[in-house]
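Only one chain is included here, represented as structure tokens and corresponding to the form predicted alone.
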Amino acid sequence: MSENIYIFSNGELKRKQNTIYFEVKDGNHKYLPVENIREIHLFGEVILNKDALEFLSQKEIILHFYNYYGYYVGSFYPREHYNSGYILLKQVEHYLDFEKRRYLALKFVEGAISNIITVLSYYRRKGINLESLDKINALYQNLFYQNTIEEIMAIEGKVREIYYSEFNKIIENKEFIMDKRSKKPPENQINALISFGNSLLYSYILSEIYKTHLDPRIGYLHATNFRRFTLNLDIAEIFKPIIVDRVIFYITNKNMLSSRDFEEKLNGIYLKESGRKIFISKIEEKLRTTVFYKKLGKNVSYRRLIRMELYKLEKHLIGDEKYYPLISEW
């Protein structure tokens, strides 16, 4: 089974004959099982040469880079091997035709809000008083009357604002307080967790897009402009509540993190390496977790659900089957 490699140390990633190894500054090194690697996430200061990049490209391994604060900054995206001129044309067609673009943007937000409602409903059933659920349901009904992409995004923004305001009721550990969503910089520990989790999810989805015929540069909810990739941001909206947010609730309520796992830099709060490792171990666990998918009549992992979402989009683009987003029933 393929796995992800996370490198936190500073050093050099090299090719040696038909494998890759990582050498740290003191001379210690470790060989990486290149045939079993899906993607490599670089958090440390890592030097690469052309030979290593060519070999990683040949093995179809994507490199994801993060800055000192753990923010995703970019990817080495090997030459696409599944690229399809036909799918690319269809992607562009659905972007330039406003009604077709609006349909997809609407569906991505429909999936996002539905999954937020699923998460909140779970905690309401556990006895937490989440009165905002009714407000979110009202906004959800209103979503389908929005005519522009900006109006659709505005509804999503209002829903998330209300959703985040309920985090303090769900998170039992009072060391973690959510006042409002702040990104650059995150102003408290919960915002640091949300930003880090979302960064990881964007990179995971980008890796899954690489295994399809889709071009990650063309999104529908997020405008296709001078940004490198946008389709992964669209798909991430659907999965944030059921993957990232659930991991945050789990690790905070289980007291797996404390203030010692965070640091204050440049007027912001960021996860330290110790905190990142805990978060990554739990989000990897979540991606491997299987759930019963009624349509297939069998259990599938969260990572597989992401790939299936992309296949559904492909089918929609070529006119085989209308796209409807994943709405979690668990």
Partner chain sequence: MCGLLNINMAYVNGTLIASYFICKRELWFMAHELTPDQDNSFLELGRFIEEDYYKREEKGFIVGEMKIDIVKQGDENVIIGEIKKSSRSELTGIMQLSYYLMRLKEIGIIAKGEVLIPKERKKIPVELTKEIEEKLRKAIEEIQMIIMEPFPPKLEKIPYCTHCAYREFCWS
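Numbering follows the first chain given and starts at 1. On a predicted model such as this, the values are computed, not experimentally measured, just so you know.
Below, we refer to the form predicted in complex with the partner chain, which is not included among the displayed structures.
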| property | result |
| --- | --- |
| Contact assignment for the partner chain in the predicted complex, among Arg228, Lys158, Lys135, Lys211, heavy atom within 4.5 Å | Lys211 |
| The unique member of Phe98, Tyr250, Tyr82, Phe144 whose heavy atoms fall within 4.5 Å of the partner chain in the predicted complex | Tyr82 |
| Listed range touching the partner chain, judged in the predicted complex by heavy atoms within 4.5 Å, from 49 to 57, 65 to 73, 269 to 277, 294 to 302 | 294 to 302 |
| Partner contact for Ile171 in the predicted complex: the partner chain, 4.5 angstroms, heavy atom | no |
| Distance check, Leu106 to the partner chain in the predicted complex, heavy atom within 4.5 Å | no |
| Proximity of Ile318 to the partner chain in the predicted complex, heavy atoms at 4.5 Å | yes |
| Contact flag, Met153 vs the partner chain in the predicted complex, heavy atom cut 4.5 Å | no |
